[in-house]
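To begin, one chain is listed below as structure tokens, in the form predicted alone.
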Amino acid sequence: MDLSFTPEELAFRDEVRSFLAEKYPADIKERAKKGWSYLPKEDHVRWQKILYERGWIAPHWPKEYGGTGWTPRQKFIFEEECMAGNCPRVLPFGLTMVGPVIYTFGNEAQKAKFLPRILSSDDWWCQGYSEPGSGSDLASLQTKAIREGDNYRVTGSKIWTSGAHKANWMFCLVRTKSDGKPQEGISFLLIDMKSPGITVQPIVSIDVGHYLNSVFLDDVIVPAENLIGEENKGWTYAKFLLGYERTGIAGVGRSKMRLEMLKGIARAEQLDGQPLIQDAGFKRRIAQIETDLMALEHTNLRVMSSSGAGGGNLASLLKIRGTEIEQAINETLVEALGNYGTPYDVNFPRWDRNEPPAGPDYATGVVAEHLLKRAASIYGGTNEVQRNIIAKMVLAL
């Protein structure tokens, strides 16, 4: 596949760069340097509204629903430039996950109600999939939704729910039938997080940050009009959604930016009086990561061009390699920091801090990112499960 860009694509890249230089707020950029996994919600909303006003908030959506009409290569360029500029990640739960489900399987009333507010970031979504006993084996979920006239009564719990403490809507898999195959009794509901009976409890992760949550649903009343598609067909919609999530998890642009950061640190750090980048063993490690990342980049472009944004079954391949490369970069970053990779400030990140961080500026946030992303090979479907999907759906004759 020819990855060289046409003159038109290069002009588009220049347009994106000019836009970012002019419109990306300097204060958000400064905070994002310390790691944007825990940026305040207000920063994400402000940046996403800037993209929305430009018409660039949903590159993967069809144009009739607010998409850009870009080619796959334009989408790739846009994502690359945003990551190179260390822009906050457009949070995926509304725009990348539930939005495509709604415009593909929802009715006209649901599209009219939800899609505009997803685009404008006026609604903030979280994902109600995993449960305490149902993670990789998601089809065994037990949260029940019982139909009562024009409503469902939902009881159960969800876990590892990213951003639930900030969200005002949840897209949720619920069990509406207990007999037969487990996959055939699941439905897809949209739940208002302000509904009585919902309790959100924080889960503090290994990096001492609050991003994850447990969500308890105790007799929560959900209007039946919030059912997406047909009852008991939610497994189909869930698989469709996960294709979008796993493609996004590949994170090529983010990894390229982090790799450049690694090279910069290796030039600054010393080993036996010489820059670390001059050590033959360390150079080999960086070369291997860069080679793997280039292969992932080519594969990602090929999948985007041939299968659309969802990526089909090859999304599992992108998810596996993307998260493995991301973790390899983070591990090597921590090692490159030497002594500065050991201490970890439990108050990170605090944007109002006046005291300087321990060590040089480039050490800030590296350990936090490394600890947080240990889960990257688990969320979105564990890499072990993704290998099973590839063996069954891609390699099987």
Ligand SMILES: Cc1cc2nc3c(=O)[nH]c(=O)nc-3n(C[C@H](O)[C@H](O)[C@H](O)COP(=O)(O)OP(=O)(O)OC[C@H]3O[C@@H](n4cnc5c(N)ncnc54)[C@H](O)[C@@H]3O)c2cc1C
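The model shown is predicted, which means the values in this text are computed figures rather than measured ones. Residues carry their position along the shown sequence, with the first being 1.
Form predicted in complex with this ligand: not shown, discussed below.
Just one listed stretch, out of 157-165, 101-109, 182-190, 285-293, contacts this ligand in the predicted bound form at the 4.5 Å heavy atom level, and that stretch is 157-165. In the predicted bound form, at least one heavy atom of residue 127 sits within 4.5 Å of this ligand. Though the partner is left out of this view, residue 209 does not reach within 4.5 Å of this ligand in the predicted bound form, counting heavy atoms only. Taking the partner from elsewhere, residue 136 is found to have a heavy atom lying within 4.5 Å of this ligand in the predicted bound form. Although the partner is absent here, residue 93 lies within 4.5 Å of this ligand in the predicted bound form, judged by heavy atoms. Although the partner is absent from the chain shown here, none of 80, 82 and 85 has a heavy atom within 4.5 Å of this ligand in the predicted bound form. For the stretch 365-389, the set of residues having any non-hydrogen atom within 4.5 angstroms of this ligand in the predicted bound form comprises 375, 378, 379, 380, 381, 382, 384, 385, 388, in sequence order.
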